[in-house]
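Listed next as structure tokens is one chain, alone, in the form predicted on its own.
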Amino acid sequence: MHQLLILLPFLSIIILNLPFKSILRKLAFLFGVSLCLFQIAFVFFPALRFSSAQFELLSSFLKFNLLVDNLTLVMLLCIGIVSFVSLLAAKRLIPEERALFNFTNVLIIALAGLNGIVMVKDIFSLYVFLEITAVASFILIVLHKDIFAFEGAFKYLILSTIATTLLLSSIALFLLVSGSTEYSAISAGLKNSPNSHIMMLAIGLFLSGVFIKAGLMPFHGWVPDTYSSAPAPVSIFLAGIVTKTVGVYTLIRIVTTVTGFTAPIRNVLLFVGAFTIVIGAFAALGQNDFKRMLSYSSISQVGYIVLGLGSGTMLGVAGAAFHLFNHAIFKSLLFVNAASVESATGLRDMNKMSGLSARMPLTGVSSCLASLSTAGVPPLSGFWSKLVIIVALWMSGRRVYALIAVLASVVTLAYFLSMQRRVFFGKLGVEFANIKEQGFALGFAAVLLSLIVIGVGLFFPFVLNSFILPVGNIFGG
């Protein structure tokens, strides 16, 4: 049954591009939304995950070896929610039917790619789905054929190509030594040859490629331009889940399942994570463009995930996955808010805005919730995931890094308070007297994501025991 999460999106693309396009164009959005809702239901209803004879026949066409554990379920849930929200935003912000049809088609392809990334259990299949997602993302970025989008997409393409070269070289070396591309075979090869220089080179190349995909410092150059220049629904999709899956999830999976937490890997993860948190936070502090500020904030928050992973403990892995989920939700919410503000005012320069919450109260309140959650203010969801990461660092003896994580949250709070003051607080500018909330779709997306931010925070004990701590079992469980 798991194969359907890859197979159904591809079948949908074929059906949507059959003749009778005038009818199918009107149905494309419903196809996309249905796939996302099915994926969310797949996570919450275990009965859907078990195969029946009919599904076994259908899925026999797909020969990938799949792995579905607790981390996979967390990622599938993130992918389903963020894709659903991106489609809602597109419904409001892409009025032309043909453009919405094209967006939905490409997003469905990306959905299949993302699902494949989180379910495969061999490194070459992982690479195939990474590339499917990368190509779909490139097309989405230039969807409106805007010159700045082409610039952002070009940077994405160049750095993605470099990452691809590094990953392919790494895969070739892994295959040379272990004789297979299965995660388990490579892991066994590493255990049999712990001091192999070829294996060390392969790990180094792979981590460098993944760091680029994740937008970690100092490989982050493509992230601010790409996020800020892409159409608003694409920014939500990229910042909310694409980078988190192709880069961060891949890093968590390979380190926990294949390489293990050797001392050099732990030290690299801790240094890169802390460096990314601090530099990303201070870079966000100096931004005036709404979306560029959120882009640097996203880079900084990814640093927390890597820092948690670098603790090398089950609690740290669980905290990393928890913050990945929370970050996907509150960052998507912030980009939804940015889309509403840009759609209403035509502006992204925060210095030219003021008092917008008076005319856009839902956007103002939800933005405040997402900002506080990102900064780690209790009892919102971001507070708990950061707390789990800090506790994991402290218990593993990495107390300097725990202190860095705490202090960087103060910087995070500072740049989000600055954003709130400039955009939503203060006296409403006369030029904004007639603006209003930007329709049901964006409002519904903001409410849905806000409820998740609040609900995960208020019901943290249940979430911790039911979903988060079991994720740590993928490492040493």
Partner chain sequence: MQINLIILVALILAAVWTVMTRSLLRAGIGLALVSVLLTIVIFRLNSPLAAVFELSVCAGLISVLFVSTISMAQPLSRKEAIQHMKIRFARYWYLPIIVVLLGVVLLLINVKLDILLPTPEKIKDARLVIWNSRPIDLLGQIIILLTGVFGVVILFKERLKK
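Predicted model, so just to flag it, every value in this text is computed and none were measured. Residue numbers count along the first chain shown, from 1.
If you look for the form predicted in complex with its partner chain, you will not find it shown, but the lines that follow are about it.
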Original post:
All three of N17, R98 and V142 touching its partner chain in the predicted bound form at 4.5 Å, heavy atom to heavy atom?
Top reply: yes
Subject >> Heavy atom contact within 4.5 Å of its partner chain in the predicted bound form, the stretch among 117-125, 315-323, 391-399, 77-85 >> reply: 117-125
**OP:** Answer with one of S184, T161, N192, N351: the residue that has a non-hydrogen atom within 4.5 Å of its partner chain in the predicted bound form.
**Re:** N192
Original post:
Exactly one of A344, V106, L73, L205 has a non-hydrogen atom within 4.5 Å of its partner chain in the predicted bound form; which residue is it?
Top reply: V106
Original post:
Can any non-hydrogen atom of F10 be found within 4.5 angstroms of its partner chain in the predicted bound form?
Top reply: yes
Subject >> Touches its partner chain in the predicted bound form: E131 (any heavy atom, 4.5 Å) >> reply: yes
Original post:
So, in the predicted bound form, is A136 in contact with its partner chain at a 4.5 angstroms heavy atom limit?
Top reply: yes
Original post:
Does any heavy atom of L417 come within 4.5 Å of a heavy atom of its partner chain in the predicted bound form?
Top reply: no
**OP:** Would you give me the residues of 175-189 that have any heavy atom within 4.5 Å of its partner chain in the predicted bound form, in order from first to last?
**Re:** L176, V177, S178, G179, T181
